[in-house]
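Shown next as structure tokens: one chain only, the form predicted on its own.
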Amino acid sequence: MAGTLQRQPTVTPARRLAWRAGAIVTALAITTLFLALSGRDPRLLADLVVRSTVGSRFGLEDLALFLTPLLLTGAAVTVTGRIGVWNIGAEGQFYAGAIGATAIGLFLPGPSWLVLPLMAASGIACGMGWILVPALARAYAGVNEIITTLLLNFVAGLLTTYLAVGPWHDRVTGALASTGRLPVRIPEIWGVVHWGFPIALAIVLGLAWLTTRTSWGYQITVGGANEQAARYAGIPVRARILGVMLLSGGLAALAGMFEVAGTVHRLQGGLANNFGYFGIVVAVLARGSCLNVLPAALLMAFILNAGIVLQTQQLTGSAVLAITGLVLFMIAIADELAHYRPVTVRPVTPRPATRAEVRP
């Protein structure tokens, strides 16, 4: 009997989790080796990372602040992926949401209970408006949404910088790189952790239920699996694509509103901090499941938080980025290898010919 590897179409969650855990351990082992070769003590660095991230209140607060935008941008990319669309523009929609929220916060005086909901509504509307053209082009003209949403990221980033250093710049302190401090802020619930964190958690859980337990979720899943079959079944695929992309833009924009009103408290260039692009990584790790966005975003938040700690120990940003890439690369390999299982192949013994089959 001979053994061979055969690729299975599906993988159980427990098997995928085991392979991912092995991938993380392997990546950490490789990182430890290179740190030791560079003359650093991996044990001291590991102890510092653990104590500064999950081993202290300050670290946990930072983890929650990283997790809040990652949950929303990861969910934004994941929900479009279920209908076979890739929203690469979460970074731009993040900026658009921050711009819309800042416009209300700076120029509309009023109590926090009134201004904050208006800031959220304005931010979401701006995010939806930012993705509207790519959504219409994808739904009704078949234009590749990857290109259109990606290019709009640069436009949104430049627009944010222009507003921060131009017409909206801080005229009180004279700072040229940001607007003035917003007069309202999202209330904190634990240290510097604001109400945006539990709201983001609730939104992701609600999306997980919506995409798996409702007819709308079934329709977008079928539309993503086979668009022609979905049309034949009477599902309005174009309308679903348009709706899902607008929802995605609104989610990413809400992350921008939370960042500007709950964490940074002013509009400035680089505000997104690549959270939109990291949301793509979260969505890839989640593999189409909104529920899986939770652990995927938590892993990404821990990596980003640990990266900041390592940079305080004179590790360059490039080295931290390389470690991050190594972990994600090993996880991607593990996800593929999890599909393969050994299969025993029994040799076929030839059957002897009968007398009737033997011709003279």
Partner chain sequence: MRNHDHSGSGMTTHAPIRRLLTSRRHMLGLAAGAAGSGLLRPPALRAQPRTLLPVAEADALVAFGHTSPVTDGGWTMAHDQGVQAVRRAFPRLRTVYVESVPYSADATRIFRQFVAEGAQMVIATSNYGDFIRDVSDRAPDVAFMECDGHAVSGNLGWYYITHWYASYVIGIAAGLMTRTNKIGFVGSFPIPSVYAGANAVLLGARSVNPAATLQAISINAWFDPQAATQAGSALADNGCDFLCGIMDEPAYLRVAEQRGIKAAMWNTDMRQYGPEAYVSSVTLDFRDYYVEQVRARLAGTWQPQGHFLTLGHGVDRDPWGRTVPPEVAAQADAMRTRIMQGYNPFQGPIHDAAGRLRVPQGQAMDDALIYQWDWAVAGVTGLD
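This is a predicted model, so every value here is computed, not measured. Residue numbers count along the first chain shown, from 1.
One more form of this protein exists, namely the form predicted in complex with its partner chain; it is left out here, but the text below deals with it.
For the options S122, S289, T263, Q219, the one in contact with its partner chain in the predicted complex, meaning a heavy atom within 4.5 Å, is T263. Proximity to its partner chain in the predicted complex, taken as a non-hydrogen atom within 4.5 angstroms, holds for one residue of L118, A177, I147, L210, which is A177. N153 falls outside the set of residues with a heavy atom inside 4.5 Å of its partner chain in the predicted complex. Taking non-hydrogen atoms only, R43 never approaches its partner chain to within 4.5 angstroms in the predicted complex. Mapping the unseen interface onto this chain, S38 falls outside it, with no heavy atom inside 4.5 Å of its partner chain in the predicted complex. Looking at V309, you'd find a heavy atom of it within 4.5 angstroms of its partner chain in the predicted complex. Residues with any non-hydrogen atom within 4.5 angstroms of its partner chain in the predicted complex fall in just one of 64 to 72, 25 to 33, 289 to 297, 327 to 335: 64 to 72. Within 4.5 angstroms of its partner chain in the predicted complex, the stretch 32 to 66 places a non-hydrogen atom from each of L48, R51, S52, S56, R57, F58, E61, D62, L65, F66, taken in sequence order.
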